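Here's a solo chain for you in structure tokens, the form predicted on its own.
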């Protein structure tokens, strides 16, 4: 399967380990990633809040780039990017005044958007296009036996449901299905579908950290050895700010947090160094020890 690869901003900069893991896992799964250096930021968090039409135009252009290359799927590894790309398609399909302005803008720079390119998160592609959890199970070379993993969906992969059309927004199961296929035990806890706090991290950091801390503590109290998330912004909240989050909730937290493709990569037998695990702030060594995996390079 060939897809247009939309890594988003974080995976290309502060979260490069996500891009490393995605490329390594895609190769093992027979997924061909086509890069487009002309893709732009999805605009989440700033453009979308100040100018909806501009934000829709930005993402319509991204989708049009894939369409021009004849690719029907734009693969994301960020739930927030997924939300913005899906928003663009929904607005263009339902709001004629914005559609007219965006079409005129795209024509002015030599693009047209027909709606044939569909954004899909990597998790969604595995579940819907690559044979699902059972097909993934057949590729496992290092089963994650003995590891209890708390999936953290976050907000934008599931909600709003009428736009995202993926899984149950209140009681999802696709991530847990994948975790079982990898040989690990999924942890059931309420926080898995809650917000990570990232949207207000730079406005009200203490509140954001308290939100993140509540979700980590919830997973910890339900016996999780590690958390895993399909969103790099959630990863920042849960991993990068975990020390501050622990102070906000009054508990010491020491929860390894994997990017979704890193967890898959471990089960496929990939080396922790290849997956960029040394870049995490919270060490993954404890989780790796349960698997008998080689240590992360310093």
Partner chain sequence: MPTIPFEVFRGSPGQTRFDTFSLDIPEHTPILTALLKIRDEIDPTLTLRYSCRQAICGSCAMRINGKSRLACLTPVGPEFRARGKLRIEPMANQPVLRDLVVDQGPFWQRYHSIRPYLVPDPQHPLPVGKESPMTPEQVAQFQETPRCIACASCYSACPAIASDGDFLGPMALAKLFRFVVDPRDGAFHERLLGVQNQSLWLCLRCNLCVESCPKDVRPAERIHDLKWMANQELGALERGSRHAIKFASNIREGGLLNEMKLARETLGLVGMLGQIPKGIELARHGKSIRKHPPIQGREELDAIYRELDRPEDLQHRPRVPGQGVKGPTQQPSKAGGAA
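What you see is a predicted model; the values in this text were computed from it and never measured. Positions refer to the first chain, counted from 1.
Same protein, other form: the form predicted in complex with the partner chain, not shown, and the subject of what follows.
Using a 4.5 Å cut-off to the partner chain in the model of the complex, not one of 121, 129 and 256 places a heavy atom inside that distance.
None of the heavy atoms of residue 183 is located within 4.5 Å of the partner chain in the model of the complex. Taking the partner from elsewhere, residue 271 is found to have every heavy atom lying beyond 4.5 Å of the partner chain in the model of the complex. None of the heavy atoms of residue 289 is located within 4.5 Å of the partner chain in the model of the complex. When the partner chain is considered in the model of the complex, residue 48 lines it closely, a heavy atom lying within 4.5 Å. The stretch from 144 to 152, 131 to 139, 223 to 231, 188 to 196 that comes within 4.5 Å of the partner chain in the model of the complex, counting heavy atoms only, is 188 to 196.
Counting a residue when any of its non-hydrogen atoms is within 4.5 Å of the partner chain in the model of the complex, the hits in 36 to 56 run 37, 38, 39, 40, 41, 43, 44, 45, 46, 47, 48, 49, 50, 51, 52, 53, 54.
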